[in-house]
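Next comes just one chain, in structure tokens: the form predicted alone.
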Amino acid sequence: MDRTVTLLLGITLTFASSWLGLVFAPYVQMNNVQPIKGTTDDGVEEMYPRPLEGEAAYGREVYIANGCMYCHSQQIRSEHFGNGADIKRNWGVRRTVQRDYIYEKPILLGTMRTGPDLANVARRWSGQGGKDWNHLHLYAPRMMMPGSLMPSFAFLYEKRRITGEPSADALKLQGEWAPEPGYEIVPTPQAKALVEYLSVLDHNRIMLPEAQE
């Protein structure tokens, strides 16, 4: 009988300590963090972070629904972790910290890096062609990056017959990915929202004091 009580007490303490360490403590930490005023790269003062609104907020739902977090993370690791590999890959200029995530529910840290980290993908896009490039990449990954393992998200796009003038949103596809003459590929509202969400992902917009190393 005494052993049973000891065993039950040990199990209870194990689960309680795990819950306190993995659930309660992070909850308390996140609840005490507030937005902060900072200065962007181009000298503009703003509050950071800010909650997503409108199409970008909807795009986050599309991102979750399509399981993007299973292949992409949104967390830049410290310069002291792995020889600063994340920053050397140009995935960010500083590590991500608690404040970066205070408006995110759930927090999309990711589970794998089959593809590159996306915490600051909007910053990288500035040299890649922005939204147009990403629509092409979502529809035909291997057209944009030969050998890519990323699956096509062509189901987020609509193939339709051209009547009158081609749509301004039509994808400029080439080679085997181009539609037959008289047809065009255009993004659905879900595709536009997903790209809008990705276009605002820039956790490095403000150099937070707690992120300095």
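A quick note: this is a predicted structure, and the numbers were derived from the prediction, not measured. Heads up: residue numbers just count along the shown sequence, starting at 1.
Not on display, but discussed next: the form predicted in complex with a small molecule.
> Does residue 119 reach the small molecule in the predicted complex if we count a contact as any heavy atom within 4.5 Å?
It does not: once the small molecule is placed as it appears in the predicted complex, residue 119 has no heavy atom within 4.5 Å of it.
> Is it the case that residue 68, even though its partner is missing from this view, gets within 4.5 Å of the small molecule in the predicted complex, heavy atoms only?
Answer yes; at least one heavy atom of residue 68 falls within 4.5 Å of the small molecule in the predicted complex.
> Should residue 76 be counted as a contact of the small molecule in the predicted complex, where contact means heavy atoms within 4.5 Å?
Heavy-atom contact with the small molecule at 4.5 Å: absent for residue 76.
> My question is simply whether residue 95 lines the interface with the small molecule in the predicted complex - judged by any non-hydrogen atom within 4.5 Å.
Answer no; every heavy atom of residue 95 is more than 4.5 Å from the small molecule in the predicted complex.
> Quick one: of 162, 47, 145, 44, which gets a non-hydrogen atom within 4.5 angstroms of the small molecule in the predicted complex?
After the contact test, the surviving option is 145.
> Could you check which residue among 151, 54, 166, 51 gets a heavy atom within 4.5 Å of the small molecule in the predicted complex?
Comparing distances to the small molecule in the predicted complex, the residue within 4.5 Å is 151.
> Which one, 170 to 178, 183 to 191, 60 to 68, 33 to 41, holds residues whose non-hydrogen atoms are within 4.5 Å of the small molecule in the predicted complex?
It is 60 to 68 that comes within 4.5 Å of the partner.
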